[in-house]
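The chain that follows stands alone, in the form predicted alone, written as structure tokens.
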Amino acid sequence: MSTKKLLLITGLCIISFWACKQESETTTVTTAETEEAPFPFKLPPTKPNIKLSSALERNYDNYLGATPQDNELYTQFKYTELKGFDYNNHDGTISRRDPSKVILHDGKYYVWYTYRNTATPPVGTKNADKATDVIPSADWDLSEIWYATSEDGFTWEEQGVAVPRPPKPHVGWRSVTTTDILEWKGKWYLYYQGFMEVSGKRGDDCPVAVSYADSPNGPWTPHNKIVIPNGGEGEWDQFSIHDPYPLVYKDKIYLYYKSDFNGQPNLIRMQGLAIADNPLGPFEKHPLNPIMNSGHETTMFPFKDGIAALVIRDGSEHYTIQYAEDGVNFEIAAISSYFPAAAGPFIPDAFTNTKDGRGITWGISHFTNVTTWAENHAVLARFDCDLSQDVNDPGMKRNHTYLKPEFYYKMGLNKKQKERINAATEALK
């Protein structure tokens, strides 16, 4: 074979070899790009750059940590019975409920609450026509705002009335309830619901009033004007403005509140926001109201550069902890259970206009239906939690709580449910 032909054959072989090698390498890269890597055994603390299911996308996008243990806005809640309050042997004539935020002043903790002391237990809102000037319809009817102090948050000393019912026709002449506290430029302000008719005759319709003082010990001067008016006819808050809850945020007073709407029997509760430069108003309602679609009461606190909220009981997103970087547009940050009812947390930076809210670790809440509904009244209790940047309590970050069977059996079938099931069973025979 000639040298020229040999060189030609050799060259063709080399070209063929490199072509095959390049095709093989190209095929290998393409395969690697199209194959999805398996999810790792060690849970990544941040979102991995691989294709994820919707559940895993939520796990990293919706919550403030990849696990509840890493989520600063996840907690369990623990409860302690308080000392220092008398309930008249729980006969239903004395009730304490809907506590305010807890504050620390001159070395003592303060809390304000709805206090009812009547001759009889409530007759119930369905029997509102039987209520009188001395017989309440609801547990919060014929009530005043009282307060108590404590050195440790467990044993309290009741100090007496802070805001009594004013004479007619002032706002709250029938009942003043569900208060919360604000400190602003050296003065103190108590916001509360002011009832001017028996609760139950037209639902729980009432506006928000306010009293002010130079000290948390009073004396309190009523403003005698409505500070958060009801909405106009046909608006979501046309009847109820409940649970006023002020915080100092972005150099302004952010006052959150709740309203009941949609009518019976499908009553809906959602949260709104009104903002002011002055504690006495005028307050301007936020154009996005309602800013939260769930929650029976209002419980917010500064957290990092935004506002966090306990979303308690009612609504599609009940029993969640939510967070809004702007204090308005809330997103679910955690899901928990056994939330404190009507929670009033101790928030050291509630009024400091903080840009880095530190969170909460305890507060005061209430329990209702303490004995029977015939003796309906509420009692105050302490709750503890870990929703704080400054505390790391693994015992508060557990995913589950072991409960005795008796706890679940108490949530048994009612009479109508038993009858329905029995009827269905008989129909099969």
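Start at 1 and count along the sequence shown; that's the residue number. Everything quoted here is computed from the prediction, not taken from an experiment.
The same protein has a further form, the form predicted together with 3,6-anhydro-alpha-L-galactopyranose (AAL), not shown here; the description that follows concerns it.
Next item on the list: Mark K258 yes when one of its heavy atoms lies within 4.5 Å of a heavy atom of 3,6-anhydro-alpha-L-galactopyranose (AAL) in the predicted complex, and no otherwise.
Entry: So K258 counts as contacting 3,6-anhydro-alpha-L-galactopyranose (AAL).
Margin query: Please determine whether F77 contacts 3,6-anhydro-alpha-L-galactopyranose (AAL) in the predicted complex, using a 4.5 Å cut-off between heavy atoms.
Written below: No, F77 stays farther than 4.5 Å from 3,6-anhydro-alpha-L-galactopyranose (AAL) in the predicted complex.
Next item on the list: Answer with yes or no whether Q193 is in contact with 3,6-anhydro-alpha-L-galactopyranose (AAL) in the predicted complex, where contact means some heavy atom within 4.5 Å.
Entry: Yes - in the predicted complex, heavy atoms of Q193 and 3,6-anhydro-alpha-L-galactopyranose (AAL) come within 4.5 Å of each other.
Check: Can you check whether H296 is within 4.5 Å of 3,6-anhydro-alpha-L-galactopyranose (AAL) in the predicted complex, heavy atom basis?
Finding: Yes, H296 lies within 4.5 Å of 3,6-anhydro-alpha-L-galactopyranose (AAL) in the predicted complex.
Check: Looking at D204, E183, E158, E317, which is the one with a non-hydrogen atom within 4.5 Å of 3,6-anhydro-alpha-L-galactopyranose (AAL) in the predicted complex?
Finding: Spelling it out, the residue with a heavy atom inside the cut-off is D204.
Item checked: Single option in Y147, F283, W140, Y323 placed near 3,6-anhydro-alpha-L-galactopyranose (AAL) in the predicted complex, where near means a heavy atom within 4.5 Å -> Spelling it out, the residue with a heavy atom inside the cut-off is W140.
Item checked: Candidate stretches 329-337, 273-281, 212-220, 91-99, one within 4.5 Å of 3,6-anhydro-alpha-L-galactopyranose (AAL) in the predicted complex by heavy atom -> The contacting stretch is 91-99.
Notebook entry, point to check: Of 236-253, which residues get within 4.5 Å of 3,6-anhydro-alpha-L-galactopyranose (AAL) in the predicted complex if you count heavy atoms?
Noted result: H242, D243, in sequence order.
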